[in-house]
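Presented below, as structure tokens, is a lone chain in the form predicted on its own.
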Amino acid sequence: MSYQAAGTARTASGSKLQSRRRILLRLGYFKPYLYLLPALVSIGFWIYKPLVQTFELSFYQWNLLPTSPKKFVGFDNFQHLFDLPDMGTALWNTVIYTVGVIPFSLLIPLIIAIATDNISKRARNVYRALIFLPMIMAPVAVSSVWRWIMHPTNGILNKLLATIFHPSEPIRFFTDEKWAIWSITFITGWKLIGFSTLIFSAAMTGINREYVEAARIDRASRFQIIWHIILPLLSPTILFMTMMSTLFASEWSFSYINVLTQGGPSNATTNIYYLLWTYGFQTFNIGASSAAAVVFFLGFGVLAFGFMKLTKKLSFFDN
């Protein structure tokens, strides 16, 4: 081989090597996105595809049968949405669930987290495990346990109330219109106490203890330390849990409504989520169900946006 041919071969080889390096470099830019691809595909398929389909179905009249044609009705489903029977009751019950769960998701967990902040590490781990236990229980199992406890004739709760207050008749917690919605609200809140307590306890571990020690040196009382130091530093967590409770309280109560009361008695426990499920999968009015879902999705989106703005405005961050 001549020197000229060898030089040409080395030049071609070097050119190929540089080209390969450029390709590998370009692929390197996409490498982080390739790691994210399975999660993005999963989110797109399981969350955003149904969301888009819900928006689409809100403009049609359909009964879910594959052989039945979809009839395009435009905005009719939205126009007749609030004329649907039980919509007003469901909306009002949704407000009751949202407000009624707040003491269980905010006040009680906050008090427990602050009160148990100074206990020993071993005792703290035991109480956290015990208080978190209801959160990992299946909603159907929780419903069965509370149905047994609150049974009108054989329940422990009614026997205890009869011993203390001597009522004229046992309380029908799930079949009396006055008691049913509060019973469901209580069970929903009871299950959330452990989760919220752990969130607040975790937030308290991030508080700089030097602030508390400095306040004690200045002879600040326990109440003053909580009011002026702990609560302001917990404000981002408090606002976050308020947003979570407001947005999801009604959704979290769905399982207990479905198992314990089926929306009754006389729709006394029906909320907006149970009503959407009823329209969609019992009466097969998919258009009305989808239109209601779209309206409340947008409504809750506005609420979430408002909470995020409020969090930036009211939260105190220790920088």
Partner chain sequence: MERVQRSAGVKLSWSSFVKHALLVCLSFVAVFPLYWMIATSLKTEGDVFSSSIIPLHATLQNYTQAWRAVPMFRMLSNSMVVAIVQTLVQLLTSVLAGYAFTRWEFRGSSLIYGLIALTWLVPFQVIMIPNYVAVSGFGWRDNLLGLIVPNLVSAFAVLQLYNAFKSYPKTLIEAARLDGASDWGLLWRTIVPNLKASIASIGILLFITAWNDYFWPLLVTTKLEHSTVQKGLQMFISSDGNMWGALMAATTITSLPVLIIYLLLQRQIIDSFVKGGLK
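Between two forms, the rigid core is the largest collection of C-alphas that superpose within 1.5 Å. Because the structure is a prediction, the values reported are computed rather than measured. Positions refer to the first chain, counted from 1.
The same protein also exists as the form predicted together with the partner chain; that form is not shown, yet it is the one meant from here on.
Although the partner chain is absent from this view, report whether Pro69 comes within 4.5 Å of it in the predicted complex, heavy atoms only.
Flag for Pro69 set to no.
Counting only non-hydrogen atoms and a 4.5 angstroms cut-off, does Ala293 reach the partner chain in the predicted complex?
Although the partner chain is absent here, Ala293 would touch it in the predicted complex, with heavy atoms inside 4.5 Å.
Residue contact check: Asn118 to the partner chain in the predicted complex, 4.5 Å heavy atom:
Yes.
Is Thr283 one of the residues lying within 4.5 Å of the partner chain in the predicted complex, judged by heavy atom distances?
Although the partner chain is absent here, Thr283 would stay clear of it in the predicted complex, with no heavy atoms inside 4.5 Å.
Only one of Ile226, Val99, Leu198, Leu84 has a non-hydrogen atom within 4.5 angstroms of the partner chain in the predicted complex; which is it?
Among Ile226, Val99, Leu198, Leu84, a heavy atom within 4.5 Å of the partner chain in the predicted complex occurs only for Leu198.
What is the one choice in Leu247, Leu91, Met204, Ala220 with a heavy atom within 4.5 Å of the partner chain in the predicted complex?
It is Leu247.
Report the stretch among 227-235, 75-83, 91-99, 131-139 that approaches the partner chain in the predicted complex to within 4.5 Å, counting heavy atoms only.
Stretch with heavy atoms near the partner: 131-139.
Contacts with the partner chain in the predicted complex, stretch 159-190 (heavy atom within 4.5 Å)
Those in contact are Lys159, Trp190.
Large Cα shift (2 Å or above) at Ser42 between this form and the one not shown, core-fitted
Yes, shifts by 2 Å or more.
Threshold 2 Å Cα movement between this form and the one not shown at Val295, rigid core reference:
Comparing the forms between this form and the one not shown, which are aligned on their rigid core, Val295 does not shift its C-alpha by 2 Å or more.
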